[in-house]
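Just one chain is shown here, as structure tokens, and it is the form predicted on its own.
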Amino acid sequence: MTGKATFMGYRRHDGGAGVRNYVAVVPTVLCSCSVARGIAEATRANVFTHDGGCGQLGPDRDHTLRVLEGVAAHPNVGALLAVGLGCEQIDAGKLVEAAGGKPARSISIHELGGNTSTVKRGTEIVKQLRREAAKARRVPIAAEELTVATQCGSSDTGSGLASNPATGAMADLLAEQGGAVILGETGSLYGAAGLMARRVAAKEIGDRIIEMTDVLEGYYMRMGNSLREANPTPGNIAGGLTTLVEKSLGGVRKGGTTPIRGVLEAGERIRGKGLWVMNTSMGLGACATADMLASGAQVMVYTTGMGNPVGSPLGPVVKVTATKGTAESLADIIDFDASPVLLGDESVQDCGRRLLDEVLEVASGRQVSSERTGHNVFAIGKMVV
């Protein structure tokens, strides 16, 4: 890749650039999730089920609203139906407002007289929304408008040695193009926070990175435990990792080498270009994925050693492995083979260039494995204070 890179994306009403044209069915609360799922199954729309939306206080309530509004506003979403119960904390109308002028509607189970009638009405509305969303056409968009989130799961020794560094090389190249990169998973920064704090654009950013990992460890200590008791996982250990610090030092290489521009809270809208660190919520990997994509990232690059199958309904997740056996045995999961780096047949920089080319092709419409197989998960994590 030479010169200014582009991809074929969707220009939205608010000026945003999407890489997909999803129709989203978003329940406002756990109580409306089954109805939302029924509507999505009848229309082949993307559904965003979760267990929040009511009975939440403070940071958890704010986080749930921030993530759901991020879904509504996301440039990958071409149209939206918000499905409410009618008595919850999160107002479906606020999600419609957050959609930024794209086709969006809301319905209420209470107002429509129950589950069956709501599924029927919601199905009719989504079919209308799909017709409106289908009017969008792909146009050339500069790579400087692309934000890529990075994550890792089911890591092994090849992750830290090859696939994470190659992702970091991709991140540096995208930053050179004027794009943005998000590095998240707060628990996986533990032990590497000091190293990250040395490459920040301002001292207060480094202080915040160290503070957020200390807060997470303090949460576990109050229960008489340590984050290191659950991480690395049994799978990580089987893959050759020995300590959380070792895992973290390999994991942060996904962010490349450029200065860290700032720290984002979970699901917070990204505020600039270059590399950003996100203080993601606590939970499974799908929770960090939701946080980073809801912030506006259009694509995620997800490195995996032993193989992680989970994608997202909010954006394509490019699965990368440097373990040749994983690439061969899990072909319906892996999208990008970085094993030539581990085998000594390709440099990290060349692999990073190849990975950026792959990301741009995915941004232009090439489906990733999880999109083809439908193995997508959306989850909203808990906040640690």
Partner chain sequence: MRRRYIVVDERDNVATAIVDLSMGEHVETLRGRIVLLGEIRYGHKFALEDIPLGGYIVKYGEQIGRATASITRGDHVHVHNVEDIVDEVRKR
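What you see is a predicted model, and the numbers here were worked out from it, not measured in a lab. Positions refer to the first chain, counted from 1.
Although not depicted, the form predicted in complex with its partner chain is the subject of the following passage.
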Note: exactly one of Gly160, Gly296, Gly122, Gly255 sits with a heavy atom within 4.5 Å of its partner chain in the predicted bound form, namely Gly160
Work out which of Gly307, Gly274, Gly100, Gly240 lies within 4.5 Å of its partner chain in the predicted bound form, going by heavy atoms.
Gly240
Between its partner chain and Ser312, Pro316 and Ala331, in the predicted bound form, does every residue show a non-hydrogen atom at 4.5 Å or closer?
no
In the predicted bound form, Thr28 touching its partner chain (heavy atom, 4.5 Å)
no
So in the predicted bound form, does any heavy atom of Asp345 sit within 4.5 Å of its partner chain?
yes
Is Arg130 close enough to touch its partner chain in the predicted bound form, meaning at least one heavy atom pair within 4.5 Å?
no
Answer with yes or no whether Val341 is in contact with its partner chain in the predicted bound form, where contact means some heavy atom within 4.5 Å.
yes
Interface stretch in the predicted bound form with its partner chain - options 258-266, 80-88, 151-159, 168-176, non-hydrogen atom within 4.5 Å
151-159
Any residue of 178-194 with a heavy atom within 4.5 Å of its partner chain in the predicted bound form counts; write them all down in order.
Tyr190, Gly191, Ala193, Gly194
